[in-house]
Ligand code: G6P
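Here you get one chain, nothing else, as structure tokens; it is the form predicted on its own.
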Amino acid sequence: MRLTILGGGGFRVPLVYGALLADRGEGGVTEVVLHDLDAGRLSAITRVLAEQAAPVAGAPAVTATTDLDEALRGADFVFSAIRVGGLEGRANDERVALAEGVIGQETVGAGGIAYGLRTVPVAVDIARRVARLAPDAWVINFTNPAGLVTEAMSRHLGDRVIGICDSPVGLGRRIARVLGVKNPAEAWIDYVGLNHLGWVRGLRVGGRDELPRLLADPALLSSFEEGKLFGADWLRELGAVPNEYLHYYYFNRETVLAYQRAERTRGAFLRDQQAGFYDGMTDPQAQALAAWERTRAEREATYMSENRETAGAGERDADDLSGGYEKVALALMRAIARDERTTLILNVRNRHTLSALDTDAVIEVPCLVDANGAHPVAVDPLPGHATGLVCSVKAVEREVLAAAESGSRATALKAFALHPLVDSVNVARRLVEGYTAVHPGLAYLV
């Protein structure tokens, strides 16, 4: 089985390959093709993977190419983890937004819109090429903004593109851990929303919902990441546990101020940190895997540090530093390729799951996965406040898609102006001006 990884020179690719090395089941991936536009990054990551594979008999073969069509031909699965504009682009997304007093995070608010506007045209081109060169392949999308990009690709690939994210998995794992659930894999997580905009409304073990026990216990609520971020009182008022990215909405003013005061934005930190890693890989004697592991440990420990500082949440727990998206990707591939039926929280077309949205809207929801793909599970409606936020953000995503398709600068302006975290049409105008000035990838907007 052949897996093509787009963004194959990306820093987190060794996580995916590590998961493949641990998968010794019959019918697994035998060949990995890395594709990236940057040959130097490809070379660095290929070295890391070679060191990972050295002690493993029968490790999947790895090849690398800068030719996209070559990478796609013959693929059974395509894993998309591209970053249009690189980390310099992410740093610019943050800088332009913060100068206007709004959030510039890569998936939330102004930064997410800017990232989406320059990513969607590239993702659509990839989807069209997959449809032509590998029509039977399944596309697993991790490219951010994950829900938006998955929806753009689904217009050309239908249900054969599925978006993944590690945030819901990590959230469910943390809730199960503090509740003392012995096997979190056996817990049913009632989670629904959009990517980076969802809520856990229940966690059932053996038919019993254990979430009310958590919400009634201040000590338990204060013992894990989301409890520290949002505060026990607010979680009890919500009657649910939000995805950590909702901190940008519920505590927006405090978070903007913390980001403005920070020495460097998250994107700038990662840009500088990863540049050090890739520069180090130009030394043929460097130990690639050890250098990668050191860099990754620092990366994970500083995740959402400004939000945790705002909330007084302290350092991340050691159990939360292990990632998780690669496990979701592997479980998804196994379920489809081997018909190993499972339940995963994924980004898929809504169909009739949330009545407030149309059938083609991509949402994040538990899905039953088998050889025929991912099938969203029926869920209870969201409460009014959550429905309003989901519908508002989905409307913004639709404007982004329309702007990317038409090249309309006016439609892009509308996307910024309608977002609940951008509080002024005039601010939206200045954001469009600021982003088009620093991003060559937005030159198509006229």
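So that there is no doubt, residue numbering starts at 1 and follows the sequence shown. Please read all numbers here as calculations on a predicted model, not as lab measurements.
Form predicted in complex with 6-O-phosphono-alpha-D-glucopyranose (G6P): not shown, discussed below.
At the 4.5 Å threshold, heavy atoms of Val181 stay clear of 6-O-phosphono-alpha-D-glucopyranose (G6P) in the model of the complex, well away from it. Arg430 falls outside the set of residues with a heavy atom inside 4.5 Å of 6-O-phosphono-alpha-D-glucopyranose (G6P) in the model of the complex. Among residues of the shown chain, Phe77 is not one whose heavy atoms approach 6-O-phosphono-alpha-D-glucopyranose (G6P) to within 4.5 Å in the model of the complex. Taking the partner from the other structure, 6-O-phosphono-alpha-D-glucopyranose (G6P) in the model of the complex has a heavy atom within 4.5 Å of a heavy atom of Asn144. The candidate spot formed by Ala176, Glu225 and His247 is out of contact with 6-O-phosphono-alpha-D-glucopyranose (G6P) in the model of the complex: none of the three has a heavy atom within 4.5 Å. Of the candidate stretches 164-172, 213-221, 340-348, 285-293, only 164-172 has residues whose heavy atoms lie within 4.5 Å of 6-O-phosphono-alpha-D-glucopyranose (G6P) in the model of the complex. Proximity to 6-O-phosphono-alpha-D-glucopyranose (G6P) in the model of the complex, defined as a heavy atom within 4.5 Å, holds among His156, Arg201, Arg160, Arg266 only for Arg266. Leu270 is the sole member of Leu238, Leu133, Leu270, Val124 with a non-hydrogen atom within 4.5 Å of 6-O-phosphono-alpha-D-glucopyranose (G6P) in the model of the complex. Taking 6-O-phosphono-alpha-D-glucopyranose (G6P) as positioned in the model of the complex, the only residue of 278-301 that brings a heavy atom within 4.5 Å of it is Arg299.
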